[in-house]
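So this one's two forms of a single chain, laid out as structure tokens and tagged structure 1 and structure 2.
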Structure 1
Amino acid sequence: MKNILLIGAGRSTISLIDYLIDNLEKEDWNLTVADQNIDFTKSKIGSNSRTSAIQFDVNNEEQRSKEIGNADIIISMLPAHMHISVAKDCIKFKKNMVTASYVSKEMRALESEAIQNGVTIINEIGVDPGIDHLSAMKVIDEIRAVGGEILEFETFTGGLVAPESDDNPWNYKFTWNPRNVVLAGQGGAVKFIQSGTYKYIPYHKLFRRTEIIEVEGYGKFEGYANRDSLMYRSVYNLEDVKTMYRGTLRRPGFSRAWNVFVQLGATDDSYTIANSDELTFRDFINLFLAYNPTDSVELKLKHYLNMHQDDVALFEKLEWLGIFETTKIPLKNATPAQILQYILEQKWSLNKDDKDMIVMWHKFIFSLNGEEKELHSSMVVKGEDSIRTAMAKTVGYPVAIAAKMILNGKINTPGVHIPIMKEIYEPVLKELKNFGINFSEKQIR
């Protein structure tokens, strides 16, 4: 019998928990789900003799050590910055670990200790990062296998609202942690290489540098660059590639409107506003605008951003959010980013029966037999409702499958890894098809 410890039971874990519970008897597993909210956790696991829920504080060293020591594998679905203490305990107690988060510098620094202790830590096995690695490496390896050479690679992913639930002018609703959406792009200059030229985009310009991408059957999207694409040249063994570009997808018009908040400074999370609970939404916007006793907040905003008379669609997006209303902000000593998040949550939250949608798109340009060729690969997954979302499916199922593979000895190489090896991506992609997660490939030229 194997014991699984899942730490964190947030909105992206429902499919992960369902998968584990469905396999408890067959695989002879026990599952413990640990979270700060015990009642919420109990509601997710239901009544099963092989499951248990515990109230858990990851910062409680004694509790953390005890629970990790009693498990055979740890799945950490905590916020990214909380993984390190868990990983260190996993190494200490020689327990394997799976997480969907990016490999941080701190996690990478644990590589030698993990190897010395025979511990396997799989990271970046969610959707993005995760399924993007699995699907990209499959195509890259197939091209190489027939003698092709990758010249350019672009990949974009978006967590969006499905067309049948798209009922607002932003064409967007939260399907992921809202805080991550508000703070997107703030980790320093975005880096990539395009047609052999290095590109660096500072945060204040990020949402005005977009590409239009069309996904067959789903129309047009816009993509903006995401994090440091350059590091993936070595990860994918594409050191000489002319283009390496990773990005995020939104519907056209979103980025220009979001740029309004960036230019205002409303996404800043570095300081607090002392009297934030005394402000209204309108007051909040006015904080960032010049003093003028006669002009309205709307007019000052238009002047500040040099909006033209024909920027009707842009201004309608802002008005629809209610940012000019006199609704009180119930947050004390909040940062601008926290206040903006609160405002957005009033309008961008999924309704009960809403469906979300994950869209992933890859472009490969490669040379084969002296000819330059282009291949597109795309995935579109829709959720069932606001609980069983496409985001939960595409994050949760790869994590669960990877955990099963480790428990069954099919992944057993110690160290800190991401899923770019054939022995990982091939079986994971194969099983994901059972859940409607698959790719369409199209040769363009």
Structure 2
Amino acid sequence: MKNILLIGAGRSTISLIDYLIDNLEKEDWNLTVADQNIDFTKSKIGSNSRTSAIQFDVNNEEQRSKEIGNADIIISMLPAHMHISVAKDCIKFKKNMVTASYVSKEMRALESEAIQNGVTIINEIGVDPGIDHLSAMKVIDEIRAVGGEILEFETFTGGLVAPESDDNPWNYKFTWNPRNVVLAGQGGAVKFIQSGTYKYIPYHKLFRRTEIIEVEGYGKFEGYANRDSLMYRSVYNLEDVKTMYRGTLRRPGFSRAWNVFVQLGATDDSYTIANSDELTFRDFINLFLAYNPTDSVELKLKHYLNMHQDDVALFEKLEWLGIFETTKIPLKNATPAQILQYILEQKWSLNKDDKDMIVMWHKFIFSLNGEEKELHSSMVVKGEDSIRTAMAKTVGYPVAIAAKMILNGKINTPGVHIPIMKEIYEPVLKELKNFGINFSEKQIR
């Protein structure tokens, strides 16, 4: 009998918990779900003699040591910056661990200790990062196996709303943490390489540097660049690749409209507005516009950002959000980003029966037998409703499968890893098909 300790039971863990519970008997597992919110956690795991919910504070060293010491594997679904104390205890008690988060510097620094203690820590095995690594490495290895050489690699992922629930001019709703959506792209210049030339994009230009892609059966999307793509050259062992570009997908037109908020400064989270609870949505927009004693907020905005008077596609998005209305902001001492998030949440929240959609698209250009070839690979996953979302599935299932593989001894190389090895991606991708998470490949030339 094996004990699984799942730490953190937030919104995106429902499919992970489903999977673990479905396999308790067959695999002879016990599951402990540890979260700050015990009632919510209890409601998620239901009643089962093999499950228990505990109230858990990751900063409580005694409790953390005890629970980690009692488990055979630890799955941490905490926010990224909270994994480290868990990882250190895992190494101390020689327990394996799985997370869906980006490997932080602090996590990377644990590599040699993990190896010395025979501990395996798998990270970046959710969705972007996660399924993108699995599916890209599969194609890259296949191309190499027949003697091809990868010349260019681009990969895009988007968490969007499914077409059947898409009923607003932005073609967008919040399907994960709204704060992260508002702050997306902040925290350093975006870096990539294109056709052998390094490219750097500052935040205020990011949403004007989009590419259009098409996914068969799902129409057009636009992509903007994501964080530091350069470091993935070494991660994927593509040191000499001429293009390495990781991006985020939205429906066409989103980025141009979102850029309005970026240009205004309305996504700034670095200072608070002292009188924010005295302001209306309209006042909020006016904070960022040059003073004019007679012009309306709408007119000032159009002039300031050089919008065409008849640019209906752009302006209807802004109006639909209610940003020109005189609704009061109920937040005290809030940052611009917090106020904008509040305004967006009034409009962009999923309804109970809304379905979300994860779209992933890879483009590989490679040379084979002296010819240049192009291959596209894409995945579309839809949620069932606003609880069992595509986001929850694509994050949760690969995490669960990786945990199972570690428990069954199929992943057993100690160290701090991301899932780029065939021994991991092949079985995970295979099992993901059972859940409708599936890639279509298309040879373009």
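Each form is matched to the other, and the largest set of C-alpha atoms that superpose within 1.5 Å is called the rigid core. The first residue in the sequence of structure 1 is number 1, and each one after it adds one. Note that the structure is a prediction, hence the values are computed from the model and not measured.
Asker: Only one of structures 1 and 2 is the form predicted on its own; identify it.
Answerer: The form predicted on its own is shown as structure 1.
Asker: Using a rigid core superposition, assess whether Tyr271 undergoes a CA shift of 2 Å or more between structures 1 and 2.
Answerer: Result for Tyr271: yes, a 2 Å-plus shift.
Asker: Could you check whether the CA atom of Glu374 moves 2 Å or more between structures 1 and 2, using the rigid core for the fit?
Answerer: Not so; Glu374 is displaced by less than 2 Å.
Asker: Once the two forms are fit on the core, has Asn117 moved its CA by at least 2 Å between structures 1 and 2?
Answerer: The answer is no, as the C-alpha of Asn117 shifts between structures 1 and 2 by less than 2 Å after core alignment.
Asker: Taking the rigid core as the frame, how far in Å does the Cα of His303 move between structures 1 and 2?
Answerer: Its C-alpha position differs by 3.0 Å.
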